[in-house]
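What follows is one chain in structure tokens, specifically the form predicted alone.
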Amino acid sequence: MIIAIDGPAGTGKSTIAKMLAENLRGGDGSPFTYVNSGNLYRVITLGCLRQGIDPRDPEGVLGYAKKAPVMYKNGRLYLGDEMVEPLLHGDDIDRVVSPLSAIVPVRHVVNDHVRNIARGLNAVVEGRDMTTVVFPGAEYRFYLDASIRERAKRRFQQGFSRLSLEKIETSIAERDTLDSHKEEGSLMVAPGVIYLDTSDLTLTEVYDKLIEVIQDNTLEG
């Protein structure tokens, strides 16, 4: 079973996806694997910056992405032997991950990687185009959204950024524009996808709404 979750940054989709993966079990009792496609773009961005590759250079980024030693170990994302998840949400990554992720051949590399990870597994996958491009046939597809102001507040409270709340809000608005106008894999709500605005909801309330849909449909099936 595949549960796919799309939506912009700051909507709680990563936390919700993790919660679902931790608590759900397949029909045979097997666990769910959590896959964050956004972090795959971020780890490629990190590798490019370390290698002195311009994240906006299509050929340089693609060459690196094809050989990057990226892997999941025990549910954690590694670059080579280094667990890099704590390094993926700094301002230096935020500034360039969107244009890097807009490079179409790089998207193909990452999407293939996500499909390979999830193949044959029960998985909760989340990102920007999981419900539209990567897993359009997923059993469950959700799009989580929230106001730009609320998403900026959540980002500010996380403490990853050194920017002011106002600058974070501006950055998020600019990134939304980029993500919504990509040549391939644009951020959008596809037909048949369940849309949920999380602006005024707690994480627990969001989780409860999604799990209700999943459990109701499973029981009906």
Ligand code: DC
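What you see is a predicted model, and the numbers here were worked out from it, not measured in a lab. In this text, residue numbers run from 1 along the sequence as written.
The form predicted in complex with 2'-deoxycytidine-5'-monophosphate (DC) exists for this protein as well; it is not shown, and the discussion that follows is about that form.
In the predicted complex, every residue of the candidate spot (A9, R42 and R175) has a heavy atom lying within 4.5 Å of 2'-deoxycytidine-5'-monophosphate (DC). Listed stretches are 70-78, 116-124, 89-97, 142-150; the contact stretch with 2'-deoxycytidine-5'-monophosphate (DC) in the predicted complex is 89-97, by a heavy atom cutoff of 4.5 Å.
Among heavy atoms of G38, some come within 4.5 Å of 2'-deoxycytidine-5'-monophosphate (DC) in the predicted complex. Looking at K182, you'd find a heavy atom of it within 4.5 angstroms of 2'-deoxycytidine-5'-monophosphate (DC) in the predicted complex. Interface residues of 122-161, taken as those with a heavy atom within 4.5 Å of 2'-deoxycytidine-5'-monophosphate (DC) in the predicted complex (partner not displayed): G127, R128, D129, M130, in sequence order.
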